[in-house]
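What follows is one chain in structure tokens, specifically the form predicted alone.
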């Protein structure tokens, strides 16, 4: 018995060591590009060319100048991106929640057809709407409409970009919220209806407070997509002073000399807001993905 027990214990330990070994290799493989970029961002140009990319910089090759240079050039772009990404994210999540509530807890004609349109909207690629999108905004002419408010008129490109992303994000937010609302307790909502609560009051007082986990999911998803977008920004923003961070990051690419340390520092700076959003809403995000209320 003791011999068999010892063999079984050794087999379990060996299996556990193998699993952890595979996990460590996978983590190292996944983090290798991040480690390489971080090491590059702290190297001088001479240190970068004299060492391997993933190696730490030598004592005389450590510098924070690439970070200062990248922040100086990306600072306005970060502000511009926040100006349209935050409102667009919040609006798409809110409208998606309201639309999902209307197609989950209310019965009305053509509901299935409208839901099918929302689902179809999720799969429309950016490239297919570029021509009608540019023609639409040229006809609307936001700058002229807001000419009596100069600060907003000067940001017309960012307003167009924010509205576009908000509208484009509503379908996916609606689909996500609908799946979440289908798991809500019907008896609780029915009790509210029997007490005379209107659909709007049920949404405000019951459904909306229970939607925090799914709001975290949609906010993280939408903010990441909007923040990282380059295509719509290139098409809709013509004023360099309104360029978002993705366009500003592209300008770090030199024409004659490639400053890889500055580019890597800029990439980390540009990615920081999405990381902050995930840290702030990470717990609620996990609950939303798991379908918890």
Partner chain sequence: MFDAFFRALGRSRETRETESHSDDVRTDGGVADPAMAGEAEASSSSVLDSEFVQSLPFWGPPALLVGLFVYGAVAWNVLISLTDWSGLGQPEYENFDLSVYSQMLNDLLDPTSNFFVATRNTVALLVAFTVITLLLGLLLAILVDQGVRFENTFRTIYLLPMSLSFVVTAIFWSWMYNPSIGLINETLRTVGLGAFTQAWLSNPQFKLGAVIFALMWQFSGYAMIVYLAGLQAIPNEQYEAARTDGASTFRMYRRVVVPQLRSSTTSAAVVLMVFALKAFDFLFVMFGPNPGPSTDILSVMMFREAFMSTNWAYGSGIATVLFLMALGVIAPYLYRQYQRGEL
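Heads up, when I say rigid core I mean the largest set of C-alphas that superpose within 1.5 Å between the two forms. Because the structure is a prediction, the values reported are computed rather than measured. Residue numbers count along the first chain shown, from 1.
Just so you know, the form predicted in complex with the partner chain exists too; it's not on screen, but the next bit is about it.
Novice: Is residue 171 close enough to the partner chain in the predicted bound form to count, meaning some heavy atom within 4.5 Å?
Specialist: Although the partner chain is absent here, residue 171 would touch it in the predicted bound form, with heavy atoms inside 4.5 Å.
Novice: I'd like to know if residue 151 sits close to the partner chain in the predicted bound form, meaning any non-hydrogen atom pair within 4.5 angstroms.
Specialist: Because no heavy atom of residue 151 falls inside 4.5 Å of the partner chain in the predicted bound form, the answer is no.
Novice: Contact between residue 241 and the partner chain in the predicted bound form at 4.5 Å, heavy atoms?
Specialist: Answer no; every heavy atom of residue 241 is more than 4.5 Å from the partner chain in the predicted bound form.
Novice: Contact between residue 42 and the partner chain in the predicted bound form at 4.5 Å, heavy atoms?
Specialist: Residue-level check for residue 42: no, no contact with the partner chain.
Novice: Here the chain is shown alone; which of 79, 71, 112, 147 has a heavy atom within 4.5 Å of the partner chain in the predicted bound form?
Specialist: Checking each option against the partner chain in the predicted bound form, the one that comes within 4.5 Å is 112.
Novice: Where, within 33 to 49, is there a heavy atom within 4.5 Å of the partner chain in the predicted bound form? Residue list please.
Specialist: In sequence order, 33, 34, 36, 37, 40, 48, 49 come within 4.5 Å of the partner.
Novice: Using the rigid core as the reference frame, would you say residue 270 shifts its C-alpha by 2 Å or more between the shown form and the other one?
Specialist: No; that C-alpha moves by less than 2 Å between the shown form and the other one.
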